[in-house]
Structures are given as structure tokens and as C-alpha cells.
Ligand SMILES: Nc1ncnc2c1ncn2[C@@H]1O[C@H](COP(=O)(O)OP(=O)(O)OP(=O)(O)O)[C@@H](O)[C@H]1O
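In C-alpha cells, one chain follows: the form predicted alone.
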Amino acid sequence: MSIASEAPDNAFFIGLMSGTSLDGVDGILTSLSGKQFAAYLPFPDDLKQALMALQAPGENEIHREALAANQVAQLYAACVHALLQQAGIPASAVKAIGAHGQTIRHLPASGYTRQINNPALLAELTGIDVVADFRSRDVAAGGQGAPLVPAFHQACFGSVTETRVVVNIGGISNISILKADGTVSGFDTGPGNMLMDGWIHQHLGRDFDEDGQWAATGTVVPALLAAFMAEPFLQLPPPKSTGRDLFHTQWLANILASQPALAPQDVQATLTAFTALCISDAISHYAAETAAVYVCGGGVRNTQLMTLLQQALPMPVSSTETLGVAPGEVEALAFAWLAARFCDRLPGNLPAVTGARGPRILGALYPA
């Protein structure tokens, strides 16, 4: 898809996204004319460990955060150069980079959200204007600062003939409800891949449950699923957002401590069912009239999760590939779109989604 902007038709934008799954950087280079290129660079193990450690308070945090931010920026820059090489264009052809940064805290109730990055370094390494820190202005306006993708989902996937739901399953899951009349709502539904990824890493040393194969060998434990679903966040009305500040390994350990001893694969099966149920309950409650559900993010590759989601919902569930956008490229494309909105001085948030006092231009500019 192309990005609507007042920039010349031959202008390119780059979107960079690294999410709560802590797996790596997705990059998209896209133009108004519809040309598009994608790249992915995994986090090296030392960076992944540093970022995971920053999810909780610790010694010498400021220094460790600064070093990790520099490393994130360097990986972002490598992704940008890979995109430029793939497209065969110079940096001067790109109007701006939209760089999300890596979330290490998300506490809008305390008045802040923290996505580490060094956008000044990224501008220096690429020679391209960088737009970063997209969430802070929405939080300053009383919003959650998340999710920010529903506005882009509406621009990219909205229909004038039917209501659609777009589900992003990353570390956290969120939904965008795109009504045929043009109104949009959305919120974080709860965990996506993060608890499943953490559990399989703890027991099998793997980064994720490929195709949900390990979960498929287990049996869902109803009492454990009920304990998961008792989490108060799930009962809150939108606008709402969440992250590793709530759904972390200790959250899971606390619940498991109140249960009888369970086989690890049964816990994995129940965690997979939990993610699916959080999403399906949200859709059933807030978008029962939807015609179809389209899924993006890493969770789309979890066959077991997708099967459970389809079983729980009466409408068809498919990948955003059905609508012409690869599921692994949607969020990076959203931040290219947000960069274009910033350059045109247009709002990027939806107050109905985030709870902000009004539309706001999102981001801060770091000129090349």
C-alpha cells in the first residue's frame, strides 16, 4: 500500500518497529507510488538480555539504558542501510524515518511511557531525518499513548461496506475495530506472545513455540485458565493499554504458585488459550457485528493460536495477507505512516482509542 502525504510522489518513508516480543527490528521502506521493501534484523543475544533486564528496576539503570539505546539505534541504522541497498536508492530519497524505539516501561497512569532509542545517533548514522517518541504527546494529553496503530489500520484496512477487526498479536495483543461508518475504536486486550515465549524459553530454551506445536501437545487446564482470566486489567473498560509492567514472568509465577503441580506443556496450552480468549472475548463484547477478523504480528504464525481464535469466533479469521499486507510488515508500515503524518503536521492519534483530550501531532524531529 502507499502512504497518503503531501510529500512528492517519489518520496520514500521508512518505518522501524521493535516490539514487546523483543525478537528484533522490522523495517519497511515505502513510497507514495506504492513501491515497498522490507527487512528484518534479529536482536543479538546481549541486546535482548539488556532490554529484558531493563523491564524491571535495577542497578545503574540510566547507564545501562543509554548503552542499550545506542545499540538499538545502531541496529535500526543497519536495518535502514539494508533497506536502501535493497531498493537501490540513496538516503537523500527518504523524507523521514519513523522509529518507534523499544518499550521498557509503559505506565501512562503515572504520566509516562518509555521507548528507548537514540534518534540523534540514528540520524547521524543514516543521514536521514528521524521522527521518534510517538507516544509521549498522547500521554501528555491525558491518553494511554497506545495503541497507536488503529488510525493506520483504518487508513489501510477500513471498509465502507462492513465492520472489520484487525488484531495485532505481538508481545501484547491489541484490536482495532473499524466500523463501516468510519468510526474507530481499539485497545490492548492482554498478553499476546510474551507469556508463551517466556514459558517455552524457561522449559525448552526456545525463543517461541513454533506453530504452537508444544502447546498442541498439552491440555488446557480450566482452573488455571480461570485464574488467568481473573486478572483485573481484563475487566477494565477501554481506553486501556498494558505491557510487561503487568504481564511478566512473576505474574505467571504468582498464579502458578496457587495451583497444583502442572505439566509444563499443559501450562503452555493454557497460556495459548488465554491469549486467544482475551482477544475473542474483546471482539465478542465490543465488535460482535464484525464481518471478518484480520490478524497481523508474530502471533499469526502460531497455528494453534489461530485455530483457537477461529474456534472461539463466529466470523472468519485470517491474516492481513488477505488484504494485501504481510502480517509481519503492518506495524513497521504504521510507523512510516506516522512519520508521514508528522511531516505533514497532521494528528496521528485517535482520542476515542487512547483517551487523549484531542487529536495530537505525534513525534519529535531529529534532523539529519
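All residue numbers refer to positions in the sequence shown, first residue = 1. In this text the structure is predicted, and so the values were computed from the model without any measurement.
Same protein, other form: the form predicted together with the named molecule, not shown, and the subject of what follows.
In the predicted complex, the named molecule stays beyond 4.5 Å of every heavy atom belonging to Gly143.
Among heavy atoms of Glu210, some come within 4.5 Å of the named molecule in the predicted complex. Of the heavy atoms in Ala276, none are within 4.5 Å of the named molecule in the predicted complex. When contacts are judged by a 4.5 Å heavy atom cut-off, Gly170 counts as touching the named molecule in the predicted complex.
Residues with any non-hydrogen atom within 4.5 angstroms of the named molecule in the predicted complex fall in just one of 290-298, 158-166, 77-85, 259-267: 290-298. When you look in the predicted complex, the only residue of Asn193, Ser176, Asn117, Thr189 with a non-hydrogen atom within 4.5 Å of the named molecule is Asn193. Checking Asp133, Asp129, Asp197, Glu231 against the named molecule in the predicted complex, a heavy atom within 4.5 Å turns up for just one residue: Asp197.
Along 330-356, a single residue, Glu331, places a heavy atom within 4.5 Å of the named molecule in the predicted complex.
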